[in-house]
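Just the one chain here, laid out as structure tokens, in the form predicted on its own.
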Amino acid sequence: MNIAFAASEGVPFSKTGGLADVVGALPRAVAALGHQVSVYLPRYRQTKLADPATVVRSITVPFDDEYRFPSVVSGGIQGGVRFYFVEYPPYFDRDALYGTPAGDYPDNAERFALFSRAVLEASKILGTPHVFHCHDWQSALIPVLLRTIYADDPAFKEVGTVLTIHNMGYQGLFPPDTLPLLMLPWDLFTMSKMEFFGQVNFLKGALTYSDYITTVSRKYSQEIQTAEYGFGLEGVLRDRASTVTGILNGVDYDEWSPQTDKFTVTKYSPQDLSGKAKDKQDLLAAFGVANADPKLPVIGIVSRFAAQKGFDLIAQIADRLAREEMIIVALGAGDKAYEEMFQRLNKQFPNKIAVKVAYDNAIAHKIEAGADMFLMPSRYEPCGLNQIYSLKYGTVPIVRATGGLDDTIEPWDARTGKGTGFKFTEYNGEALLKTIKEALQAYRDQTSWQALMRNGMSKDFSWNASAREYGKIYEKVRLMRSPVSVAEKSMVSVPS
């Protein structure tokens, strides 16, 4: 099949979070199954292309005020996947992808509406796919446009759509007058389509019009159909429950493996764990932790600093946590309140809690390799990748049992020697502190701890299995959009 991915970011071209990792890796895994795969991305200022070539010189995109004319540039083929970039400097040649520290760009609706229209128009020239695989609200207008403005376009008569939700907390909410500005029909502004408490909701539109909806773990696909995790769209998802499924994200072990990591001072493996001690020393030096006892366990954090990630729980127990025999190293950036919280804790407990407020891929690798444990106390976590990276590095995860964290981490049982980490369920500081103490207690028995490390290192969360599951979804969607009905197909297959 011909599959076209449309997303707002993807490595190695652009990144702010886990979405980019998925869009960088999943298309390659799908292509390896024999499908023809292309990826459409905006061409941002940070997008570096070795040999760009303009393949569509001008696309006409109507807006209420005036036409806009983006072009499409080819980024070549990588890993069997062809990359295309929608180029429109007034919208995409900016310092950041989505906004500034003061908030989102005020014209994000126009930016990503233009992107979505350009993808559809370009595909008519570059090759119409069997399925558009869209990601999050930034490409959510593609299913909406296909079933409204483009409904009678013969080029898309048999084209299906899959929407993957990476985080329900981000939906693309805009004022009602966004619809006429984008030349979208007013009849979309109803409760059954895109209206959401008086606003236009891009993600809701895609949930309504996509043929199939996926999210990034089995548990999260269930959670988002509840009021606690659905962010107001749980009813829409329950109405579409038969077409909602969870497929766990994979990880790229070519980049995330202690045996090949280019950012670490020493390599190690399940057969020889001795190198981890040197990576631990290097990690502590990188954070400026002087004269640390090498026997003290190090707990690592790599995260966007946001309320979703559970850092309010750390604030609740910080004083008591600092009395434990351990060191915390935290890397991340985001909400100012949490950046300041970690900096304040660093000043208060300089030998126990170290922080770097930044996005730094090299340091992230050093944490995965050098830490003994990895902490993810998330309020919700659609999939999570760092706990999966941590397993491969023998860095034992401590997580809250939510979303993909619950799906990927098995509780450690020292009596049976089974399990890969530590989990807590109740969202409060006491439950978190109790679980950290359990992990610290287990660490004291190094023979047992190394068995726990090896359990995690033996797990395989590569993209192969996930890609096969997506392949099944694409087949279902293609069948749905086939001009021959399922009933007719069944009749044809029955011998006379």
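Residue numbers run from 1 along the displayed sequence. Predicted model only: the values in this text are computed from it and were never measured.
Another form, the form predicted in complex with a small molecule, is not on view; read the next lines as being about it.
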Original post:
Within 4.5 Å of the small molecule in the model of the complex, heavy atoms considered, which of 358, 191, 151, 227?
Top reply: 358
**OP:** Select from the listed residues 109, 313, 329, 376 the one whose heavy atoms reach within 4.5 Å of the small molecule in the model of the complex.
**Re:** 376
Original post:
So which stretch, 90-98, 305-313, 174-182, 347-355, is the one near the small molecule in the model of the complex (non-hydrogen atoms, 4.5 Å)?
Top reply: 305-313
Original post:
Does residue 478 make contact with the small molecule in the model of the complex, using a 4.5 Å heavy atom cut-off?
Top reply: no
Original post:
So in the model of the complex, does any heavy atom of residue 160 sit within 4.5 Å of the small molecule?
Top reply: no
Original post:
Closest heavy atom of residue 333 to the small molecule in the model of the complex, within 4.5 Å or not?
Top reply: yes
Original post:
Taking the shortest heavy atom distance, is residue 384 within 4.5 Å of the small molecule in the model of the complex?
Top reply: yes
